[in-house]
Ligand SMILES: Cc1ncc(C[n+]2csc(CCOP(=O)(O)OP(=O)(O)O)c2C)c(N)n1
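Listed next as structure tokens is one chain, alone, in the form predicted alone.
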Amino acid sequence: MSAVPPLAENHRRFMSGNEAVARGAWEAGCNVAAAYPGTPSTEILEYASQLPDMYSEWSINEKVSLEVAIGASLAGSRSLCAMKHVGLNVASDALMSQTLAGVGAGLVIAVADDVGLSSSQNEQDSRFWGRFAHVPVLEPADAQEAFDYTKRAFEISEQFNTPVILRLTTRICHVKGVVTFGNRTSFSKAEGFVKDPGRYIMTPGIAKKRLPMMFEREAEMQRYSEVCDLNVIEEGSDSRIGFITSGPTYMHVKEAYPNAAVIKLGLSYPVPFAKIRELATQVDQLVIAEEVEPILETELKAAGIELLGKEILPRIGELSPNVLRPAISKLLGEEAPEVAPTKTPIEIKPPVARIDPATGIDVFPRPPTMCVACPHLGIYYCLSKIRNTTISGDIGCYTLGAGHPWNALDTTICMGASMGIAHGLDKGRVEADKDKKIIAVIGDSTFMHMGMQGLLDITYNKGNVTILLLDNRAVGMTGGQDNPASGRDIHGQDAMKIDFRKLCEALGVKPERIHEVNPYELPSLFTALRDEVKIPEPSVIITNQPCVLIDFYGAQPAFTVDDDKCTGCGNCLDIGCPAILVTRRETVIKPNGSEKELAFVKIESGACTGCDLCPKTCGPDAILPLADYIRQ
């Protein structure tokens, strides 16, 4: 992470939307920033942690991060929390109460929607939360606006006494642009926390009294949206068509149809209905381009505004120019331009539901895989060898265990769900599965995030589940961020380090049912798994080797393959290590007449870290340490 740039008015720098959000919060005088890492939002807090005079932390989960931010706000400090779209599901309990209570100092929730599912288990539209929680939603269209809108969000939060959602997308988070910025403005409410039980104690009687205030606030914000400078009509020379846009769809529309009239909704909720009606009078046909759900489309049609939306545009993925042009060309009666194939329907009337995504531009496929020497490799190798099991997975690098060559996961629902799903598989089993062994796989950070509650439920309700707790001392999937398992805070300074053995015991697992193993020692790992699944009560197997991409990991001399000894058995390929490459394949006839395919391999020594997994699978001992190897 780069150092903080010199402070100067109108300083310019090339930065991503994530960095721009962090910088905008800092300049607005934000004093507290909290998050749980999740792509595409992770870097917001990584950048925030580099800025002086602002407390930042990796929280245990998104709910906790929002609660930290709420507390700071009530104490008089502007606060920011950041999360990806599925994280707001976790944090929603706190959000739905705080929208009634309001804020102290400004409170901004940066939510990054993974439009196009680059790295998520679903594609949600966080604009729904604005409606659900009755809070304003701001949508920047580029990195500069990510910076500007973050600062503005704090002002709106305090103006209307409400949390504000800053809705980002993967494109905004990761695409870089030149951002102009300046100095930090100090801010704090001198009175600090002001006791107000009639506002902050959310009992039914108090909450009921706050509801009319919330609705009046929402009406006031709607009037504001009609006149504020965040919602702008841009006239165009081509009156045949006009567009309603927000966020990055504005940039896509301007690129595809630069001469069309456009309304750009920076404050997309509450909706400026009058301003949109004004645009409708200026054009022959009005089209709404929104990612991804037809939220605003439904509201505008209900208000009697004639327009087209998901009848002609996909409900899945980004509305990039190569998706927009074919659909709009049909609407205008023009010949569709030559672009990558899409599945956009050509019939506009009668309206039909759009559910298929446009294919977009073809790129060379790159299937995801685990890293060379990942400590999870041996775990899934062993799991793939154990029969008569149902394995519940979770969200993290180890989700890849569902793929080739292991095929060793049966479910992956959402973060922290492996525990509860496994418990349900156990308690809901039918006669056909009465002898099935139930295994749950969860990472260290995910266990702390939402898994501990599931383990407590298993022990309390006498479940029969074997838990694999994969402690790699990092939030590996999002870049190796620190957490209580690493014993370091966001600044790399020493912090408390959790003892998973004691924690699991405190959650009700018997001490003799808790085992700690080295995942590179396949015999010990396999034995522990084989033995524990036979025990009809909860047990936990903790693996204890760090992620290969963090500084805790100590690489060893690389291995190589002795071509003269290699028999082509392919056993080493079952590990799934990407440093092992097939050099040639042969098909031979066995004595019984059946065919067998042989796979001869080599090891890419520059990638190999000497983890010693593959030699344990090699019968002819063809995998050997590379003599005189010097790691660069």
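Just so it is clear, the structure is predicted and the values come from calculations on it, not from any experiment. Throughout, we count residues from 1 along the sequence that is shown.
From this point on, the text means the form predicted together with the named molecule, which you will not see here.
> Would residue 104 count as touching the named molecule in the model of the complex under a 4.5 Å heavy atom rule?
Looking in the model of the complex, residue contacts with the named molecule do not include residue 104, since no heavy atom lies within 4.5 Å.
> Report yes if any heavy atom of residue 478 sits within 4.5 Å of a heavy atom of the named molecule in the model of the complex; otherwise report no.
It does: once the named molecule is placed as it appears in the model of the complex, residue 478 has a heavy atom within 4.5 Å of it.
> Quick check on residue 86: any heavy atom within 4.5 Å of the named molecule in the model of the complex?
Yes, residue 86 is a contact residue.
> Against the named molecule in the model of the complex, would residue 247 count as a contact residue? Criterion: heavy atoms within 4.5 Å.
No - in the model of the complex, heavy atoms of residue 247 and the named molecule never come within 4.5 Å of each other.
> With the named molecule left out here, work out from 467-475, 175-183, 198-206, 451-459 which stretch has heavy atoms within 4.5 Å of it in the model of the complex.
This holds for exactly one stretch, 467-475.
> Could you check which residue among 140, 538, 443, 242 gets a heavy atom within 4.5 Å of the named molecule in the model of the complex?
Flagged contact: 443.
> Which residue, 397, 286, 419, 262, has a heavy atom that falls within 4.5 Å of the named molecule in the model of the complex?
It is 397 that has a heavy atom within 4.5 Å of the partner.
> Are there residues in 403-418 with a heavy atom within 4.5 Å of the named molecule in the model of the complex, and which are they, in order?
If the 4.5 Å heavy-atom criterion is applied to the named molecule in the model of the complex, 403-418 yields only 415.
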